[in-house]
Every structure is written in C-alpha cells, then in structure tokens.
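Next come structure tokens for two forms of one protein chain, structure 1 first, structure 2 second.
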Structure 1
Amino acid sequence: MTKLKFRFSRKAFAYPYMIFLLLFVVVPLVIVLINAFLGDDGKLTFANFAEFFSDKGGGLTVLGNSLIIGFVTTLICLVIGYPCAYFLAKYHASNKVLVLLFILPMWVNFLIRTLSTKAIFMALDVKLGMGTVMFGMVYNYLPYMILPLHTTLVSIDHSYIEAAEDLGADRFTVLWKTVLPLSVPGIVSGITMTFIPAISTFAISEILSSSKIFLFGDAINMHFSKTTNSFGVGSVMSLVMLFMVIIANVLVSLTEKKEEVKSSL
C-alpha cells in the first residue's frame, strides 16, 4: 500500500512539465491552426489556404525556390560532409578534439558567422546573390551534416568491414556495399538536420543577398511583421512548414526502426 503511494508521488513530478508543454507548445500550435482558418473579419474561411495555394502573394513560388535551394545546400553538405565524417571515423576515431573542431562552429552564433562571411565577400568585391547565399548556407549547416554522419560511422561494427574484405571485396565495394548502407540512418538524420533549417531559416539569405533572395522562413517572418500583418496566410505557411517537419521525422524514425530490426537479428 505504502509503495503504491510512493509511486504516485514520483509520477506527480512530471505533471507540472506536462501542463507547461500543453500550455506553451501544444496550445500555441493549435492557435496557429485556428488562425489559418480565420479571415480578416474573424470568420471561418478557407481563403487563406486558397490565397497561398493559388500563389497569389507568390508564397508558393517562394516555397518552390526554398525547396530547390534547400535541396542543393543539403546535397553539397552531404558531398563535402560524408568524406569528412568517413575519414574522421576511419583515421581519427580516438581524436576527440579533432572531431570537436568540426562540430564547434555550430555553437558560434550564426549571425556573427554569416555577417563575417558577408564582410569578406564585400571586401573581395564578390557580387552578393545566389552564389553567396549558397556558400553561407553550406558554411552554416555543414557541421549539422557531419555530426550525425560521424556518430553512425563511428558506431559501425568493424567486423562487418573485415568480413566484407575477407570475402574478397575491394575498397570501393566495401565502401559502397557495406559502409554506405550501414550509415543510412546517419545520412537521413543529417539530411533532416540540414534541409529543414535550410528551407525555413531567415536572415542568412537576407544578409548574404542584400535582401534580393527571399526564402520560406523570410516569407513567414514577413507575414507576421507589424507592417504586413497577414497572420492568416502566415499561419497556413507555418502549417505547411510543420507538415514538412513531421514528414522528415517520420522518415528518420522509419530508417531507425529498420536498423533496430536489423541489429536485433
């Protein structure tokens, strides 16, 4: 009897935080959802959805552009980052400080890093535009790609690689048929960690293109600014963003599940 009472008291420690989460995480998202269905007059309407999906304010075009820029950024990060993570895991697995050096820039304020690159571009007389935005994005998100890749690559059981070698695979076959498939969870989570912030960020594109290039994050920001004040359409765009976040995370958890099944076999 007394034991039951103790159990209850420990569980109760979670209740304040559960209320906090409900109040400051769930309810705000619900309010965004409601806002998406409210017109300027406060009546229920689908006009916001119609406005966004008919591309009247150019929101859909911005989304398309952001998806392309996000895709290219992620691809470049993967192409540069995978060899980094691979070499680090292969030759420097015990050198924690070196690995850390690749991750650290993540923790230095991105505005400071972006403004520094802009200053350098301006001093070199590089024209600000798509090229500089891409550079800034890759520069910012590369650590986010390397970190998950490195975590998976380091944890690959070395006996798989030895087995492949014993069975006569050459270096490229080992890399292509053993290491790469085993690192899929890292690749997927690296892609999510790069792609989602890349399409939704604001400020990076604004700073590095002198406000010429407009991404989805900038567009959401604009809809909620005091001068425009079109919360409805902004809310629809936030929902679209949230939808993409959820899809990305479902993908991540699917690949992780598969791995769990594999490793439990």
Structure 2
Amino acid sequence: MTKLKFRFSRKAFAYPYMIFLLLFVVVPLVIVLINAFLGDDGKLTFANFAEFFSDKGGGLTVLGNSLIIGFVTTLICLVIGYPCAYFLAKYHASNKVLVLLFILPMWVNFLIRTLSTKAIFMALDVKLGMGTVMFGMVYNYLPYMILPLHTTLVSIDHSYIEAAEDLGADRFTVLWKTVLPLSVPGIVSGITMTFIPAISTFAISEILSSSKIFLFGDAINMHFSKTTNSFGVGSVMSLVMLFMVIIANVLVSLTEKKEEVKSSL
C-alpha cells in the first residue's frame, strides 16, 4: 500500500491569495468588461462607449471636473506633504513616534473619518460645499502622499548631502539640487497614490457636500444603482478609470527604472 506524501512548500501559501485574487479581482473585471459591450437587449454593441464619449449623460464633463479637483487636491497634498515628509525623515532615527502619528489616521475607517469631519463642520456651522469637500479630500489622502515621500527621503544616501555641503552648498541649494531630484520616485508614487483615489472618490463628495457636488466616482456609483440600472455605461466608466490606473502605474515603473539607471552610473 502506497502512502500519499503531502509536502508543504512556499507556493502552497500563495494558493489562498491566488484564489481570492481570481474570485474578487479577475472575475469582477471580466464581468465589467463584458457589461461594457452589452446593450439592454443583451447583444454586443458599442452604444455604451458612444453614449459616454458623446457626453450625452455628462460623463466626460464629470470626468473633467473630477480631474481638476483631483489635480488641485494632489497639488495641495504635495505642498503640505513634502515638508512634513522631509521633517519626518530628518528626525526619523531619533523620534519614530512622529511617523506613527501620521499613520494613525489611516487605521480609522475611511467612512468614519469622513462622517466625523462632517460632524465637526456641522457643529461649527460651516456651510457644506466645494471647500469642505477639498478639505476632506486633502485630510483623507495626505498620508498617501507623505508615506512614499518619507520612505524615499529616508533611503537617500546621506553621503550625497555631505558631499554637497563640503562643496559649499547652502541648505536651500542642497535641498533643491540634491534632495529634491533624488526624491522624484517618492514624488511620483505619492502623486499617483493621491490623484487616482481623488478623482474616483464618491463618499467624500457625497457626504461633505450633501450630494451637491457630483464627481466621477459618484457617476459610476449612480450607473450601478438599482434606480438607474445602466450597468453598460457604468462599466465603460469603470474601464476608463482602470485605464488611468494602468497609465499611472506605468509612469511610476518608468520613473523607478530611470532612477535605478542613474544610480548605477
């Protein structure tokens, strides 16, 4: 009688993740892709793409507004986040508690943070609108800008800074011509991690404006709702969002490769 031998390997630990990835990532994407090419009669058609790109339902207009708001949000996060990340990196070895304080808000549920922000605005009698939405977006996405910047700044070889100082460069020159160029991968990564969620969000705009401000994420959510039931157009919009995510990841990958080539020279 032969005995069956079962050997645990490293690959075995990856199987649950692969199954999860297949069921909850690949299958939904395939369903979205199929729905994008299906009409109301269940036949293959390009009508959903024509409806979106002809801007009949205002999809392109909403996308344009979302891109503008996402750009402003990302710019504000970069202006605030870079000095914060630089400060954290400078005192990283002596005080890691400061880094923890910036990470702590990310441990709180996204929806709870947004609802709490709205409660504060209501208590202060602040009128909900574009200003409160921008504040909520910067508040929620600022850590996503700070963390990659902090990781990049901490990993910079300090000998470059010392060499620049030995050559007579002042602090501003060291920051502008040495630290800033070396932190480009962190900047690109932070911009990507902030910009993509900012243009696709719907909870922040819906809660902090009392549904007065309509963004791209709100439009996708509306098309997939039971009342509208226009899954085709919503699937097209989801594919557009997916395409933008792929472009962002390609840009990050190309930037990292360029920096690796520069560092190897």
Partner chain sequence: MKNKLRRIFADGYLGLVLALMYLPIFLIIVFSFSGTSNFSFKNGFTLDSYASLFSDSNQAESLLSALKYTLILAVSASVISTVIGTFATIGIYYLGRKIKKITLTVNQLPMINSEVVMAVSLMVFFGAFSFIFPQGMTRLIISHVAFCTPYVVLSILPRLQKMDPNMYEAALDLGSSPLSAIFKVVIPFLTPGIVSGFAMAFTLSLDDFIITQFNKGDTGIETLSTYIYEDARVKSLEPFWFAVFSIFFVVMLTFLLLINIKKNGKKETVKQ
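In this text, the rigid core denotes the largest set of C-alpha atoms whose superposition between the two forms falls within 1.5 Å. Sequence positions of structure 1, starting at 1, serve as the residue numbers. Keep in mind the model is a prediction, meaning the values are calculated, not measured.
Only structure 1 is derived from the form predicted in complex with the partner chain.
The Cα position of residue 27 differs by 2 Å or more between the two structures after fitting on the rigid core.
With the core superposed, residue 250 shows a C-alpha displacement below 2 Å between the two structures.
Aligning the rigid core between the two structures leaves the CA of residue 15 offset by 6.1 Å.
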